[in-house]
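Just one chain follows, in the form predicted alone, and it is written as structure tokens.
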């Protein structure tokens, strides 16, 4: 993985965090994935260690949970 991946679910907390992350690391260095809209990527996020969103998975595979918008159980419905 060359870029960080920022997973979120589209809630206001997540969108605010998305803007901050993109401003901090640059749009070219992060892939933004809204798993509320792109539900096929939920299992990918879980395999990467995402327990709640918003979360950032670094190129080294570290998962950083940012704030707390929703648990993955909530996202899955």
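Numbering follows the first chain given and starts at 1. No experiment lies behind these values; they were computed from the predicted model shown.
Keep in mind the form predicted together with another copy of the chain is missing from the figure; the text below concerns it.
For the chain shown alone, residue 21 is a contact residue for another copy of the chain in the predicted complex, at least one non-hydrogen atom being within 4.5 angstroms. Contact check for residue 64: a heavy atom falls within 4.5 Å of another copy of the chain in the predicted complex. When contacts are judged by a 4.5 Å heavy atom cut-off, residue 59 counts as touching another copy of the chain in the predicted complex. Of the heavy atoms in residue 17, some are within 4.5 Å of another copy of the chain in the predicted complex.
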